[in-house]
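Okay, so here's just one chain, in structure tokens, the form predicted alone.
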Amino acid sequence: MSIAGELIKKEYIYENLSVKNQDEVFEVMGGKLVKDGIAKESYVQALKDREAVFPTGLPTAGIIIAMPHTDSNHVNEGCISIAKLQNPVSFHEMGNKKKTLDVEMIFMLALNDPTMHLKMLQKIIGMFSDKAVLNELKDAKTSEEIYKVVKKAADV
């Protein structure tokens, strides 16, 4: 089993999440991680602060994704929370703050091991470069289907 596979937990996968904006994404998804003790009280604000400086929107083919994350000192236990959004939410593009993307899916990283951080980002971004995986994610209707697609792709 891969590290990514171990971090993906079904109870943190949302299908058809209804949020109005980026802040609400952070508050709903990050808030549950805080409530469940996965992340520290500082996590949600740290996500907002980091996203303002280092945007995480990715102009992927098929389904537009954002990968919000923050430093490991805001996290108690490693977890990846995933949400397919009911309606797209605006995020700035990674590496290009001037461009805005209509994000359809969120991969929120809560990583407590700083040495794993870059490795996990690279693995997930690699997964997003696979058009077949992106199409499967776009077609996934339930949290179970999302889980299976991501787990299969992450465990390769």
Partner chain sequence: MKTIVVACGGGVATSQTCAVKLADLLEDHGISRSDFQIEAININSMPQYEKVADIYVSICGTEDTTYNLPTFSGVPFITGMGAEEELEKILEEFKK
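Since the structure is predicted, the reported quantities are computational estimates derived from the model, not experimental observations. Numbering follows the first chain given and starts at 1.
Separately, the form predicted in complex with its partner chain exists; it is not shown, and the next lines address it.
In summary, the region of this chain contacting its partner chain in the predicted complex, judged by heavy atoms within 4.5 Å and restricted to 123-131, 26-34, 40-48, 83-91, corresponds to 123-131. Among residues of the shown chain, residue 58 is one whose heavy atoms approach its partner chain to within 4.5 Å in the predicted complex.
Although the partner is absent here, residue 100 is not a contact residue: none of its heavy atoms lies within 4.5 angstroms of its partner chain in the predicted complex.
At a distance threshold of 4.5 angstroms between non-hydrogen atoms, residue 67 is in contact with its partner chain in the predicted complex.
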